[in-house]
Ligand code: CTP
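A lone chain, given as structure tokens: the form predicted on its own.
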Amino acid sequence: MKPIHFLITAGPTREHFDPIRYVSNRSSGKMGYALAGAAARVGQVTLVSGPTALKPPAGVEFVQVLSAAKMAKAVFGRYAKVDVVIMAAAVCDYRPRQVANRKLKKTGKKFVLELEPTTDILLELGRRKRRQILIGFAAETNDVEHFAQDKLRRKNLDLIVANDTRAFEGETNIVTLIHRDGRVEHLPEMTKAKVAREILKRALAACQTLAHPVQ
């Protein structure tokens, strides 16, 4: 049987408004890299990563990107050939509408940064989905489970991993797994490596329902 091909995203994106300044978030990439390492033990892995301080796991195809637009291009270009997608990256929802070609100087006046939406990668993957297993993450500051369930429905996911944003820089995570069929699993606090293995178990179980892996 052909090995399962995983496409995993990790880390933040950076949305520049001049050559040295940007909008970003606190994602460390640790959860996505842990998932890539776990998946590499059971299948073929492509890891698309925003900027992090982490070393890619051995044996994976590593694709380094910077912005949401670059991540979208990398993911969409590979989507048709993979079996499982796990979108663990914290992709910026907005980017500066204009990017200066030189460093913006301090003037002492109020500075207004106008933002525009980035491509919703996960939503588009849900629209294009055929036989892929699609797993998303929902990092929230409040009403975590409620927002995660809404995201799962809107984006046509098979599984969503819900967690508090306090997990971004940590070595551990407390997650809730919400399945497409309505099942909800509350996992205890564990290392991100262990969380990754639990997520992989669910992904592999979902793959067993596929009569023919995506070619």
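Owing to the predicted nature of the structure, the values given are computational and were not obtained by experimental measurement. Numbers follow the displayed sequence, beginning with 1.
If you look for the form predicted together with the ligand, you will not find it shown, but the lines that follow are about it.
S.K.: Suppose contact means a heavy atom within 4.5 Å; in the predicted complex, does that hold for all of 91, 119 and 155 with the ligand?
M.R.: So, yes: the whole triplet contacts the ligand.
S.K.: Could you tell me if residue 145 has a non-hydrogen atom within 4.5 Å of the ligand in the predicted complex?
M.R.: No, residue 145 stays farther than 4.5 Å from the ligand in the predicted complex.
S.K.: Do residue 126 and the ligand come within 4.5 Å of each other in the predicted complex, heavy atoms counted?
M.R.: Result no; residue 126 lies far from the ligand in the predicted complex.
S.K.: Verify the contact flag for residue 82: yes if a non-hydrogen atom of it lies within 4.5 Å of a non-hydrogen atom of the ligand in the predicted complex, no if not.
M.R.: No, no contact at 4.5 Å.
S.K.: Can you work out whether residue 134 and the ligand are in contact in the predicted complex, taking contact to mean some heavy atom pair no more than 4.5 Å apart?
M.R.: Result no; residue 134 lies far from the ligand in the predicted complex.
S.K.: Heavy atom within 4.5 Å of the ligand in the predicted complex: which residues of 182-208 qualify?
M.R.: Contacts from 182-208: none.
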